[in-house]
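Let's start with one chain on its own, the form predicted alone, as structure tokens.
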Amino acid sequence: MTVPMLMKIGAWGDGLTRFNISQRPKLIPYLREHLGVESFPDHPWTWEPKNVGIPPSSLSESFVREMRSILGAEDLSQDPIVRFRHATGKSYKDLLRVRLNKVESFPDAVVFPRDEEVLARLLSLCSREGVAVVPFGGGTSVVGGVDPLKGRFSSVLTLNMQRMNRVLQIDEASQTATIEAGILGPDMERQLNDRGYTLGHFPQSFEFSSLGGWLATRSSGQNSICYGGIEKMVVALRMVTERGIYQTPLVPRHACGPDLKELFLGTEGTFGIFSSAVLHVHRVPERKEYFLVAFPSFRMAAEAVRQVVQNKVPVAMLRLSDEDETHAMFHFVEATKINPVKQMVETLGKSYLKLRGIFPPKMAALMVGLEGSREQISERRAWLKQILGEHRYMNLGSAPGRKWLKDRFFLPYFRDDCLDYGLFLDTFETATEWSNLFHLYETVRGNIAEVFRRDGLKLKLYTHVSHLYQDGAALYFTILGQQGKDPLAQWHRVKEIANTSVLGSGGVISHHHGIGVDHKNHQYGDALVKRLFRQVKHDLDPEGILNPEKWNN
């Protein structure tokens, strides 16, 4: 059968792309000095199916025959490799499990529904026969959201939604588009761009994640300041449940609360499976201008960007890196002739930079994105300059911005090389109010650093402000360190410290990655919330087949 595009097994992305640290001479000494990497062989790890014992499917022949009567001949697979491809997401823990041959759960079959009617019939069959169902979009979950867990059932079916991948309608008068939930980000943007529109939703996983996954996890993209998170883009949803198909009202607003659209968003396939959505779309911007700005410190830069968002400057993106991430960033851009530090020193001179209090590596970098017409960008640039002018800053120009915009989805490939060299690389994110931002930042960093210090392992911890709001911001942490003797046990220990530190410091357990398995024990401890969840779950999924052991199950 022809399987929709899936990423590499045990690694990120497509099979033709590599970060390839061994060919980056500026990055090698950085990793050697700060993380103790001694050698950089150019022999990437590859998955060997012969090393994996994939158990036979537990589905009965009669159940498989009935599924085949619902699906087309090419839309069901029990092939062991296809099943393995759907056994994990793409977290650091997932890649470790694959490489260490410790994947324990596999779907008993993978099906590829092509329309909503087939999806509804499959759910009805699985409900009747007691087979668990796990929805699968692009497979990019980093919190265990697509793990094929059976719960109390004897079998589990993974529903790969990628064949429901069309832009069904564009309403130009309303500036909305009706789009099937299985569509991947690039396919959706191509279909919209052909008509002159964009959704404006660009998460880091954009190239391989699906609309349904964005809806299920309440995703937020890099341009959320301009377009909002996915919840701001949704006009109406269609969701297939055991009880039938439900559509939320197709109106711009209503006073009939509570809003069921909000009830369904972010439920990660535990109430039903999104089949399509009506979304706000926007005209493709005439121009894009991205540039890099430097500040003497992360604290000073955070104050500056707070004022930008609270003054409602219509920027497309603000991405603020702390001093450690900024220092590392300048080792990652060596693939081009752009060297912002060298450029700044040569242009302005060391004495001037010292006078201004800005000198590498002691500085914080802010990537700014402006989009719109020539006149709009000029006006917004002037407004931005006026606010930033109240702080010490230096504009490093548009060359780093063009480079970032071109390569913004490439960085996840770096993790694959890090695993090859015995490094720990994981990320997590949170959000909090402005008044609490640095308390959370310092507490979380300190607690994670202590874990590595106790184990006698080297660590580099990077942080950036990824999404900004009038009342607060999201902090995105990257942990790059040496692996311990038992990498999975080490990950569990670090993850627990990260989760408890975030919650204990007044943050939320996830701003945009979702809950899945890895965060579910830290979400909503309130007994009333759990009772409400269980009641809605029972009403929509009475047999409990949908994504068991996930989210708030």
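We number the residues from 1 along the sequence you see. As the structure is a computational prediction, the values presented were derived from the model and not from experiment.
The form predicted in complex with another copy of the chain exists for this protein as well; it is not shown, and the discussion that follows is about that form.
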For this session: Could you tell me which stretch in 150-158, 122-130, 396-404, 467-475 has residues with non-hydrogen atoms within 4.5 Å of another copy of the chain in the predicted complex?
Result: 467-475
Exercise. Looking at the partner-bound form in the predicted complex, is residue 260 within 4.5 Å of another copy of the chain by any heavy atom?
Worked result: yes
For this session: Determine whether any heavy atom of residue 489 comes within 4.5 Å of a heavy atom of another copy of the chain in the predicted complex, and answer yes or no.
Result: no
Exercise. Taking heavy atoms only, is residue 218 within 4.5 angstroms of another copy of the chain in the predicted complex?
Worked result: yes
Problem set entry | Residue contact check: residue 523 to another copy of the chain in the predicted complex, 4.5 Å heavy atom | yes
Exercise. So, 281, 508 and 535: all three within 4.5 Å of another copy of the chain in the predicted complex by heavy atoms, or not?
Worked result: yes
Seminar exercise, completed: Answer key: of 85, 445, 460, 306, within 4.5 Å of another copy of the chain in the predicted complex (heavy atoms) is 306
Seminar exercise, completed: If we test each of 105, 193, 376, 78 for a heavy atom within 4.5 Å of another copy of the chain in the predicted complex, the one that passes is 376
For this session: May I ask you to list the residues of 301-323 that have any heavy atom within 4.5 angstroms of another copy of the chain in the predicted complex, in sequence order?
Result: 306, 310, 312
